[in-house]
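Here you get one chain, nothing else, as structure tokens; it is the form predicted alone.
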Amino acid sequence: MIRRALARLEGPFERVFGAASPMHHLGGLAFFLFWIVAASGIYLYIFFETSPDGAFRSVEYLTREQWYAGGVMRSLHRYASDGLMLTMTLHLLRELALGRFKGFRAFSWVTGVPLIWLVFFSGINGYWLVWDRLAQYVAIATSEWLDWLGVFGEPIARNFLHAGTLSERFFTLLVFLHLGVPLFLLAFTYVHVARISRPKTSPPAPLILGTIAALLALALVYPATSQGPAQLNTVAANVALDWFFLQLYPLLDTLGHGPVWAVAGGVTLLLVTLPWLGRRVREPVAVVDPANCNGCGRCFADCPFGAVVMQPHPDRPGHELAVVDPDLCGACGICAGACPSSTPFRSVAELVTGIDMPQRPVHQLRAELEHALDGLTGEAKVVVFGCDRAADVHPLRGPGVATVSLMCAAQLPPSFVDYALREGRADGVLVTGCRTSDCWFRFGADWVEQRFAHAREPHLRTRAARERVRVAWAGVTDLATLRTELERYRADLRRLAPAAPHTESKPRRIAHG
């Protein structure tokens, strides 16, 4: 239900941006914004003066006198930082809503929690450096909040009693922290994606260009400015907050220091322990059959989570054997779809493959397909291969339509398409799955398209005409669209001669959503 609601919310973004929808590239977009923050920060640091009077003066110089460069850089630094916090928050909420934080995803979830605090700390520290009225308010409020813990020898807030208590050394420390914390952030980000195969750390080119254009427009139309120099002999009563970073400070003023610590600590603890709360249902992981594994490494190359590694074969010197790490396996079946032994044309009583999913083995898939083909009648007979995580294909079933749902679209070995089309048992094959760039298992849709386009092993080797194989991606809310596409496809098949495989297949791709 949550997936359906989220899909409807994201629909407008997908209609406008297509595969470059920002909602499907939040992690890569956060990476990109981080680099904008880093590049603009280096420029600002060149002109920054580490002293109580020089800090505000140097920032004002960049904003007013050097607006064409320094002012733009300051605004880019500010808005890219806000964008980083926004994309991180949306990324967290999206993964939470979709339930993608348990099991094999727990490590990435837990290691992402410190990133939130590091970004918060770096952003708040950055506001201190401007040393305007807002910085004064944030510095005093933060110091009093930290002093409430009672772990410091002397109250930090004593540094802000009057202007004479501040020194260049203090601002040098602030700069050191503002430069050092992002390095820790980068290191933790590496740990965050360490267990993910081929992490998407960069958004698509259209999204990059659109983000740069939006940030530049904000910088020119609504440039970042200071709120007057800090004056420690007066109280900063009215300040304009940055609600992306400073949302805790109104709570400090209304609830007090202890309750805010309790809220912050409680939320952090909840996020860290969330993967182990509630009922856990562990899916069976992929199983390797050493007698049928030839060490080709296709499962290793296609695993989205790095759960498959290649090791020396115990019984065949000079050969390798696939080994599955159960803690990393996502139970997607993509490895079974990549295995060269996963072909229905093998004349064995029970089809055993080099790597397979116990809950959905390839021999069961072949038997299900055989049963589905036997039930096809009439003209324009189509087999629809679907995905359990995408639009439910079973309501499409009818006299001329057979449906087979897989754990992931990429669990389908391409040879099954040829098997369905041989001797005209089916007039066409339609493969569907998660929306473009939003595969539940990250690369399922990509691997299907590359296999069908002869860009990735195993290739689709069917000799049927390309009009008889079609790919149409459809999310959980796109059943009506998929039904319309199926009827259009069957109408196209009716205009063709009876199936007679002769030419290489290059399937047409249609993306929904």
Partner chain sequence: MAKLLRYAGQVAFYGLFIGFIGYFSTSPAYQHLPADQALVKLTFSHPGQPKEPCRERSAEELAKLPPNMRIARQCARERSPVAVEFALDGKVVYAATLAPAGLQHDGNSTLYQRLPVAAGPHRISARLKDHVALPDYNYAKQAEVVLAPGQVFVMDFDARHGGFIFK
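Positions refer to the first chain, counted from 1. For clarity, every value in this text was computed on a predicted model and none was experimentally measured.
One more form of this protein should be noted, the form predicted in complex with the partner chain, which is absent from this view; the next part is about it.
Residue in contact with the partner chain in the model of the complex (any heavy atom within 4.5 Å), chosen from V272, A240, L173, L186: A240. Residue-level contacts in the model of the complex: of L220, V235, V267, L98, one residue has a heavy atom within 4.5 Å of the partner chain, and it is V235. At a distance of at most 4.5 angstroms from the partner chain in the model of the complex, none of the three residues D315, G378 and R397 contributes a non-hydrogen atom. Using a 4.5 angstroms threshold between heavy atoms, G11 stays clear of the partner chain in the model of the complex. The shortest heavy atom separation between T211 and the partner chain in the model of the complex is within 4.5 Å.
In the model of the complex, the partner chain lies within 4.5 Å of some heavy atom of L86. Taking non-hydrogen atoms only, H77 never approaches the partner chain to within 4.5 angstroms in the model of the complex. With the partner omitted here, the stretch from 307 to 315, 378 to 386, 103 to 111, 203 to 211 that lies within 4.5 Å of the partner chain by heavy atoms in the model of the complex is 203 to 211. With contact defined as any non-hydrogen atom lying within 4.5 angstroms of the partner chain in the model of the complex, the contacting residues in 128 to 156 are Y137, I140, E144, G153, E154, P155, given in sequence order.
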